[in-house]
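For reference, the chain that follows is the form predicted alone, supplied as structure tokens.
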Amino acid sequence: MQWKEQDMHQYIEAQEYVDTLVIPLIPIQLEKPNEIVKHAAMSELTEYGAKAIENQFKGRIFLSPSFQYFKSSSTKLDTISLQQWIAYYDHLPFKHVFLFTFDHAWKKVERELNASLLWLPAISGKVEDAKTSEILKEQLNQMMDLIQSYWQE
């Protein structure tokens, strides 16, 4: 279920079965022209991948609105802000909280976060390209297997 009006009606009725939260982490970078396109592509991949995960496990996963951060800001500040997001969701009945990103910078602060980081290495190309789509599909399948392994613990 996604943060959309239509899905919220379904969530309210079935929230006892929704035990997993996925928060997409979206970087924003407009200062360095040589990195703008890369970060925009990373954002698209993250949004696409998060929705694919939610679609696969619809009814059990709630897809949070994206946590957007300025890539140029300090990592410490982003970590504090993200931790506040995670803390907000703590009082809700989610047993599993996953952060989904293609930004490797989050691996450096992963231990400071009270959530499981789902990080995929960024891939080049557009989601619409057959080769890129196939690689992304394979990565997402592995990620979905990982999510299911958390449910079995």
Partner chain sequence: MSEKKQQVSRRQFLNYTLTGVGGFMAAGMLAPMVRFAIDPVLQPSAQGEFAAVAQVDDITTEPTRVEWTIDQVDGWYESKVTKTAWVYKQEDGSILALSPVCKHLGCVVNWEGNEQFPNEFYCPCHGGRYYKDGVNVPNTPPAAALDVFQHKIEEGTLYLGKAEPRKEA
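Residue numbers count along the first chain shown, from 1. Everything numeric in this text was worked out from a predicted model, so none of it was measured.
As for the form predicted in complex with the partner chain, it is not shown, yet the points below apply to it.
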{"property": "In the predicted complex, segment of 28 to 36, 119 to 127, 52 to 60, 95 to 103 with a heavy atom within 4.5 Å of the partner chain", "result": "52 to 60"}
{"property": "Candidate spot 14, 137 and 151, all three touching the partner chain in the predicted complex (heavy atom, 4.5 Å)", "result": "yes"}
{"property": "Residue contact check: residue 10 to the partner chain in the predicted complex, 4.5 Å heavy atom", "result": "yes"}
